[in-house]
Structure formats: structure tokens, C-alpha cells
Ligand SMILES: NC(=O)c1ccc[n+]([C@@H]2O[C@H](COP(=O)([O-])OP(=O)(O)OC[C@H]3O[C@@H](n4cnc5c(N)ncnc54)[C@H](OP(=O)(O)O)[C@@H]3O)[C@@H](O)[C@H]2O)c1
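Below you'll find only one chain, the form predicted alone, shown as C-alpha cells.
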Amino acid sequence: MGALRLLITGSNGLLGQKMVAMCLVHRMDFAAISSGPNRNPDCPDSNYTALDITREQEVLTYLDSHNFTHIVHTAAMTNVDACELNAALCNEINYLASKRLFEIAQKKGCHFTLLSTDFVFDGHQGNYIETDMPNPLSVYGRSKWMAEQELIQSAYSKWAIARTIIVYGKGHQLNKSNIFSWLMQELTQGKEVSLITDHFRAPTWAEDLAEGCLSIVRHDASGIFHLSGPETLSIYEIGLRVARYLGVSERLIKPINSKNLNQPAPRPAMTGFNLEKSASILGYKPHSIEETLEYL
């Protein structure tokens, strides 16, 4: 393989920031794009371009004037309820913009990695392997599944799909907090939190996910890869684990049922991933919740 040059979309997001950090550590040649100004002080301005991926002509102009060997496409609309309430915008960002980027990648002979989600599954079984059949329940899940289909159904072979679950970690000026940051903030202040007992997830530390994505790039790996945390727990149990780590009373965690939340978007009850493929091909070894909390 010749000189590697990576384009990171969504570089202002949590995963995008971790990808930038790893490129800097490993001295990899990269460019970063995100909508609006650069919110990551660790990302050199010389590597950054403000670019809205839904503006087709601007994206075409930018990619015409730059050459990349790899694209890691992390930019997405990820607020599941907002997606449900604004399906057209969700479709534009998660499906159509991804489709266009993939088309450009094919023309330029670029390796393309699409970030996707456990929400492509209906949650009836959990511990999903890469070949399990998706059946998304929500607008968000469908938008990601449709983007996946563009890659899967194409004759092009230089692509990968990295599916993940509840990404958490610490970043700069993020648009949204994540469950762990929120839990640690509330619990250290002695506040009660209500967490659902009937949804099960394998939360993913952003550093682990970035390592997995970088491994896809370095291996020129193709196909679908499941990259999540190592344990599938109820959201309630996640709260208990954080409380134990902080040494605060577990009584601060109040169990509730998801039906009580009246969320606009339906969600899969149980996801979680089988990580054997990613471990064997990418050397993926995610950290436990307890190993990561000191970094939040």
C-alpha cells in the first residue's frame, strides 16, 4: 500500500475527535471535515475544513480538489427521537449524504468505512453477528440500514461497515452528552436517576471504537464489523456499575420500564454484539466499563 491519506467526516463529534487524536499520535496524514467551525482544539486548523455533507456541490468540489486513500464516515444524525420526528432530515444526512460520499469514493478508488448502529436490528435476540438479518424499528435505524445497503449491494469491494452501540467518552464541546458523563455528573451530586431495566446494550468506549476503525483502515479490511463494548447490560445495570465505581449508594438508581418514557422512536429491546470476527481480523479488544471510567 502506498502513502495513506485519511478523510474523517464528523470530526467535531466524539468518535471523530478520537480518530483525529489517533492520527496525530500515529503521524498519519489526515484531513477532517465537520459542519461549522472546528470545535476540537486538538485538531490543527490546517487539517480542518468546515463542510456540511448534505451540500452536494460543496462536497463534490472539496473531494475533487483533494486525494484520499481512505474515508471514515462518522458524520450522522444520531438523536434517535429527533430522527423519528424529522424523518426527511434524518434521511438526507444518514442515507443520501452517505450514498453520495460512497459514490465519490468509488470514482476515486478510495476505501470507504461507514459507521452504523445496533439499531439496524429489531432486538429480539441480542449478541448479533455480522451476518444476522437487520430489521430496523425506527427512522434512525432504517436510515443507517439503507446506507449500509448501498455498500453491500454495490459491485465495489473496498468498503467496510463498522456497527457500534452507545458510544461514550470525553470530548471537546460536544453537541450532546452521553449516558456515562451524565450518570457520573448526577450521581456525584447525590441525585437520583431513573434507568430502564428492559433494554440491554453493550456500551462502547470511543477510544476502542476509534482503534477498531483505524484497524479497518490499516488492514484495508472489507465487509461488516461489529465494534462494541465487551458486555451487554441493562441500562439500569450500567447505572449500578457506575454507582459502585463512584462509591455512591446504589439506591440512587431507580428502576423503570421503557414503556413509561413515551419516547417517539421505538427501540430494540436487546442488542449487544458477538465480537469474534473483529477480534480475529482487526485484533479488536475493547475495555470493560470500569477500565474506562477514570478517563471520563
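Here the structure is a predicted model, which is why all the values come from computation and not from measurement. The first residue of the shown sequence is 1; numbering continues from there.
The same protein has a further form, the form predicted together with this ligand, not shown here; the description that follows concerns it.
Stretch 108 to 116 is the answer when you ask which of 152 to 160, 126 to 134, 108 to 116, 182 to 190 has residues with heavy atoms within 4.5 Å of this ligand in the predicted complex.
Leu51 is the sole member of Leu51, Cys43, Ile238, Ile253 with a non-hydrogen atom within 4.5 Å of this ligand in the predicted complex. Screening Ile216, Ala210, Ala76, Val72 for any heavy atom within 4.5 Å of this ligand in the predicted complex leaves a single hit, Ala76. A residue is said to contact a partner when one of its heavy atoms sits within 4.5 Å of a partner heavy atom; Arg39 meets this definition for this ligand in the predicted complex.
In the predicted complex, this ligand lies within 4.5 Å of some heavy atom of Leu14.
Using a 4.5 angstroms limit between non-hydrogen atoms, Trp205 is distant from this ligand in the predicted complex. When contacts are judged by a 4.5 Å heavy atom cut-off, Ile166 counts as touching this ligand in the predicted complex. Residues Asn91, Phe121 and Pro266 are none of them found to lie within 4.5 Å of this ligand in the predicted complex, as judged by heavy atom distances.
Shown here without this ligand, the chain has Tyr140, Lys144 in 130 to 160 lying with a heavy atom within 4.5 Å of that partner in the predicted complex.
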